[in-house]
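Single chain ahead, written as structure tokens, the form predicted on its own.
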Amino acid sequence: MSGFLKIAIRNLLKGPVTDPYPFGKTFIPEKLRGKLKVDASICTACGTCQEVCPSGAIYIKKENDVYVHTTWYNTCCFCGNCEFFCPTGAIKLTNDFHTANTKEEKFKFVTIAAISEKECPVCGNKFVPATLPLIEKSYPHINDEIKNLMKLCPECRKKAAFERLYQ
């Protein structure tokens, strides 16, 4: 019995060993895959995330001049495919694990991002622009001519590049 008393007294002096959550801060692993965050400024609405999502939680729909990127957490399995395969790095899984909700909120528990289309300065067609900040990050020495090409729609960009090559 003396061994039991030693352990009991040691534990009483040591204090609680559980996290104080939800009444205080708790340890959250840095690599925890929680709710995702979509950076609409670099998303090109290519649909790769929608294709690689095994649970069908991501849906991209065009409404007027905006692509609406919706993620439903009631079906998301937090596998991380969307982040891994996103060609622009627009999707990041956060370590926000607060995903509990009521039955009434089930279909409202979503993340929505709006990706706006721009108007091509040459032809006036609407398009989702190439992600110039990512290109500048990868190729810091690009010139102004290339930066101006990135502001054009894909068709006008092809024409301008072709004309430049065969002048």
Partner chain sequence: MSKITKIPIGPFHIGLEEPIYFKIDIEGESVKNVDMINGFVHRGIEYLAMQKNFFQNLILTERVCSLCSNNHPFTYVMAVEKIANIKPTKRALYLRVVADEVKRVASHMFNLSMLAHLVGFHTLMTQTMEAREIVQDIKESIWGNRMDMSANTLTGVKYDVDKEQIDYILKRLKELEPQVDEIMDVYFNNKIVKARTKGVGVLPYEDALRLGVTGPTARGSGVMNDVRIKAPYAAYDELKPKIIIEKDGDVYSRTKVRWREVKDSIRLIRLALKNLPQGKVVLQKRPHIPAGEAVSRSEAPRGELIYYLKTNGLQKPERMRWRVPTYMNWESLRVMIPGNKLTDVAVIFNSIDPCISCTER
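Just so we're clear, the structure is a prediction, and the values are computed from it rather than from any experiment. Residue numbers count along the first chain shown, from 1.
In what follows, reference is made to the form predicted together with the partner chain, a form of this protein that is not presented.
A.B. asks: Kindly confirm or deny that Arg10, Thr48 and Cys53 each have some heavy atom within 4.5 angstroms of the partner chain in the predicted complex.
C.D. replies: Affirmative, all three are within 4.5 Å.
A.B. asks: Select from the listed residues Val122, Ile42, Ile142, Leu32 the one whose heavy atoms reach within 4.5 Å of the partner chain in the predicted complex.
C.D. replies: Contact check passes for Leu32.
A.B. asks: Taking the partner chain as it sits in the predicted complex, is Tyr166 near enough to touch it, meaning that at least one heavy atom pair lies within 4.5 angstroms?
C.D. replies: Although the partner chain is absent here, Tyr166 would stay clear of it in the predicted complex, with no heavy atoms inside 4.5 Å.
A.B. asks: Check whether Phe162 has any heavy atom within 4.5 Å of a heavy atom of the partner chain in the predicted complex, and answer yes or no.
C.D. replies: No - in the predicted complex, heavy atoms of Phe162 and the partner chain never come within 4.5 Å of each other.
A.B. asks: For Lys14, is any heavy atom within 4.5 Å of the partner chain in the predicted complex, or not?
C.D. replies: Within the cut-off, so yes.
A.B. asks: Using the arrangement in the predicted complex, list in sequence order the residues of 94-127 with any heavy atom within 4.5 angstroms of the partner chain.
C.D. replies: Stretch hits: zero.
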